Ligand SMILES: NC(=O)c1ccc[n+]([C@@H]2O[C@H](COP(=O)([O-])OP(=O)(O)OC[C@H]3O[C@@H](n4cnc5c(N)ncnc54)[C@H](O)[C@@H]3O)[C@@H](O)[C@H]2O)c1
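Before any questions on binding or motion, here is one chain by itself as structure tokens, the form predicted alone.
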Amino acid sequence: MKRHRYAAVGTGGRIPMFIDPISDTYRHCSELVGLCDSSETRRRWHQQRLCSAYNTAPVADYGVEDFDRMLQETKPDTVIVCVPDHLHHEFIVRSLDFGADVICEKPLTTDADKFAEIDQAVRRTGRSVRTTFNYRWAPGASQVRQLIADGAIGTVKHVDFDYMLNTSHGADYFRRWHSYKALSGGLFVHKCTHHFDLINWWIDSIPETVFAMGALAFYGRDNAIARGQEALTRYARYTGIPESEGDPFRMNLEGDPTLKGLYRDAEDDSGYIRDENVFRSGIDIEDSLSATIRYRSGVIASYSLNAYCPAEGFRVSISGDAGRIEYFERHAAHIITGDKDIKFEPTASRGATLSLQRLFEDAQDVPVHMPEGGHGGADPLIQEQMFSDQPPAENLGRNAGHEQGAASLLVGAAGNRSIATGQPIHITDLYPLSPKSKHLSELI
């Protein structure tokens, strides 16, 4: 049997979610043929890891300047894109023009202009782009979608979504390239795209108008000094700096073999510092965000994100004309070092709870089972859809193409524009995303 050929560009901490199942579970039908990254150290670290863990042969690896040569020499059927967000569009378009399909880590890109390039390339080439919204595959999120689809609360009218990032995971965005809006689009794009996509998908609607506010309220040098914590601002990074000992926000890249192999050891050939001080000058993304979203279906959503909470998780309430769903997840403290981004607390009170209350009836608890696997069991399910030669039938609309990817990133892009202008932003003014469609399921 001919195996499907994959090449990957961007070999940071996220790439194991893609290249590991290709090298292990789905090796009978899938083949990794190329790795591409600006850092030879990172490429070789993954080469050694894959060979050791799965007894695979080394694959061809290329510097980022040789991406087109990789395409010509390895001839992949699909290219996996995991570079920093602002570069997604560049490698997606080059892959499509070569004749390959694309799997892209969320967010699809960072703004409407870059999405326009992707959309034009899809239409020009006839190839496809998958956006990996693995959160759709989490069991609790899927149960919420099923309840709404079954009409359990009638027609949805309003959504409240409150996300908390703690001072482990939340702080980590402020140590990395994500803390510069030109590279990540800010948390409204990079992180919130997960949550906007969930809302879009749950209610099967396309966002129309966004009004947003945001602030850098906790991280950054000025905020630390205002709280009397000037001592925490005196070093540019944490690793190898004795003065940072005892700082609760300190990250030691030499204390974790993955962080050391991918980032500390790769500093010379990548120029990337993974552990910048979260209380330094120059951070230009927000850590506190709120938005009101109106959908083409008439649904109104209220959204907030706070990146400096003592605990992590989210609460969502979805109200319809026949009842209400309340869903809560509590996540454990972590930073991203591989594919298991979200870790759920093990007990019912600190894991996930789902409640359904119809009008004029008592609330009923709906059991939520969180299996093993990254993102609460979501990762193995989406990996099966991506890499299996016989993926199971999917009846919840969880697979997402480039237009559905745009439907979430454009909410974040509109939010950024609204913060900058103080005005509500019509998404079609940013990009005319299927203007005659009402339902998300109508988009590719």
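From 1 onward, residues are counted along the sequence shown. Computed from a predicted structure; not experimentally measured.
In what follows, reference is made to the form predicted together with this ligand, a form of this protein that is not presented.
With the partner left out here, this ligand still marks one of 103-111, 324-332, 220-228, 300-308 in the predicted complex; by a 4.5 Å heavy atom cut-off that stretch is 103-111. Within 4.5 Å of any heavy atom of this ligand in the predicted complex lies no heavy atom of His195. Proximity of Glu286 to this ligand in the predicted complex: non-hydrogen atoms within 4.5 Å are absent; the residue sits far from the partner. This ligand in the predicted complex is approached by Gly13, whose closest heavy atom lies within 4.5 angstroms of it.
Within 4.5 Å of any heavy atom of this ligand in the predicted complex lies no heavy atom of Met251.
Among the residues Gly214, Gly320, Gly261, Pro84, the one placing a heavy atom within 4.5 Å of this ligand in the predicted complex is Pro84.
Comment: this ligand is not present in this chain, but in the predicted complex one of Asn399, Ser388, Ser38, Gln47 has a heavy atom within 4.5 Å of it, namely Ser38. Contacts between 42-70 and this ligand, taken as any heavy atom within 4.5 Å in the predicted complex, involve Arg42, Val64.
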